[in-house]
Structures are given as C-alpha cells and as structure tokens.
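Take a look at this single chain, the form predicted alone, given in structure tokens.
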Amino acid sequence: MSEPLLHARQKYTLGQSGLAFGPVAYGCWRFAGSDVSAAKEKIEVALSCGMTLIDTADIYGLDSPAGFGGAEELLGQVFKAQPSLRYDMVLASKGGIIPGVPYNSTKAYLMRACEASLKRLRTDTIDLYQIHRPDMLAPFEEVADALATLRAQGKIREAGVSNYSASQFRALQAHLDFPLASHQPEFSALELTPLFDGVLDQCQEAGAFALAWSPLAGGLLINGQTDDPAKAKRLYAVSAVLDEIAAANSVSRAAAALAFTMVHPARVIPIVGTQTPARIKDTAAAARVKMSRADWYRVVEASMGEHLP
C-alpha cells in the first residue's frame, strides 16, 4: 500500500512579502447579504480554524441585494467593528470584471478598481490583488504596469491571476520584475483541468501557489446528487471513493474532497465558501487528512471514468 501523502502542516508564505497563511482559505463569494455580526462570526471562526487567507473580489455581492462591491463593503464593516481582524489575515481581492463589458484590465481601470476596493475594505493595502479574469484586449505590458504601479504605491503587496491559462500567466510574468504569487483556477475532484492544461505544472515551475476555487464543485461533492443524468454516474463514483477516504480519517466527505486538492505538490490552497460556521469548522479538518498515493489516483480515475494507462 502507498505511504500516506501528508499535508503540509506549516503555514505558506505569500510571495516576497513573507506573510504567512494556512493551508485552507476562506472565500467571500456568498458573503454579502448577512449582517455585520454574522459576518464577523464567520471571519472569526475561519481564522480560528487556520483559514488565514481571506479571498474576496469587487464583483462578489452582485447576485445579492448588496450589489457590486457588497462582499468587500461588508468585510470592511467587519474590520470597522473589530480592526484587529484585518491584521490576523492575509487579505486577497480581485478586480477586472465589469458586468456587461465584461472585462477590463487596462491600467486606468485596474487603478480605479483597486482604489475602490481599498475604500470598501477600509484598509490601506490589499495583500494579494488578482486579475479576476483575463481581458483579451488589454496588452500584457499594460496589465503588468498597473500591477507594478499599485505595488510601488503600497496599495498591494503581491499580485496574482485568476482563471488565466498557463500561457497568459507566462506572458504577463514576462513584463513584471517581481514574481506573480498566485494562480487561481477552478479545481476539484470533479474538475481536473488544471492537472492537464499546464496550470498546476506552472505553479511548481514559477513558485506560485494555486488557489482552488469551487473545490467542492459548487456543493455537488457535499450532497452527492445532481439532476443531470450525464453527471450522476461520475459524481456517484467520485463520492464513493471520497467516502472511503473520509471514513478512514473520521472526517466528512467535504474534508476528504478538499484534501484531494491539497496533496498536489503545486501547493494548492482550496477556498471554502460555506456561510455556516459549523461547516467552516468541519471543512478545516481537511488539513489533517492522510491520503495515500493510490487513493488519490483512485479519485482521479473515478472522475475521469477510466483507468490511467
């Protein structure tokens, strides 16, 4: 039997800033809409569980009554209520999406977007600022100039990208005199694309860490059910393997699913987006799961629906 692949117990560090954070991140995609007291509780629980990288974006809240900027505004209200929380975390945000456009990564826009995020967040510096999605009309040298300028002004500490291909990451990096700190792809036991498209390979090559969004496949890996017959068989097969791993480690299927992403050597940090404090605590158990090499490949094969050669 394969020896267990143990998760890194030590904290990760952010780029050249050296800021430390834990192996699981907390995401604010659905954060907007609650009151300040409830929002503060979620942040405090996440931090207490070692989820010390808090990931948000200016567009989060768009699908709620709070609207564009709603999640950042609420997080800023949390910092106002308890200023010390800002210094207990690595704060990550994203910009570059404009509903209806849909993308703008020109220097002028990114400068305005970052400054607006800082105002909503009630902070002077964003620790990790990421381009949310690639703008195919923005020259890479202009995007790089925006990030370099924001960094030189002290408005951001490090820069990264979200939903970029490996070639887009490389093209942007070519115009920067500091390393990009992060790639943020969708990655889960049901979304294996980063294993094969070069993104996780590039993280290892460049020394960037991977922030995995939707590591629980939008909740599918929690409830194990779908109305799509084409997905049902695959979901059932993956869930069955994850349940075996979960039982062996006395954790939930959700924790086992997060652990699947975390054992990859690209330093994958799954982003947990649950809005329930009890579930935040539950998913934090992913950091203590032991998964064998054989079990990891069993998940991959179940997801692919075929045996690896």
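Since we're looking at a predicted model, the values are computed, not measured. Quick note: we count residues from 1 along the sequence shown, nothing fancier.
This next part talks about the form predicted in complex with a small molecule, which is not shown.
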Should Met111 be classed as touching the small molecule in the predicted complex when contacts are defined as heavy atoms within 4.5 Å?
no
Does the 4.5 Å heavy atom contact test between Ala138 and the small molecule in the predicted complex come out positive?
no
Does the small molecule get within 4.5 angstroms of any non-hydrogen atom of Gly61 in the predicted complex?
no
With heavy atoms only and a cut-off of 4.5 Å, decide whether Phe68 touches the small molecule in the predicted complex.
no
Which residue among Gln202, Ser239, Thr123, Ser214 has a heavy atom within 4.5 angstroms of the small molecule in the predicted complex?
Ser214
Proximity to the small molecule in the predicted complex, single hit among Ser34, Asn249, Gln275, Ser48 (heavy atom within 4.5 Å):
Gln275
Only one of 113 to 121, 225 to 233, 141 to 149, 161 to 169 has heavy atoms within 4.5 Å of the small molecule in the predicted complex; I'd like to know which.
161 to 169
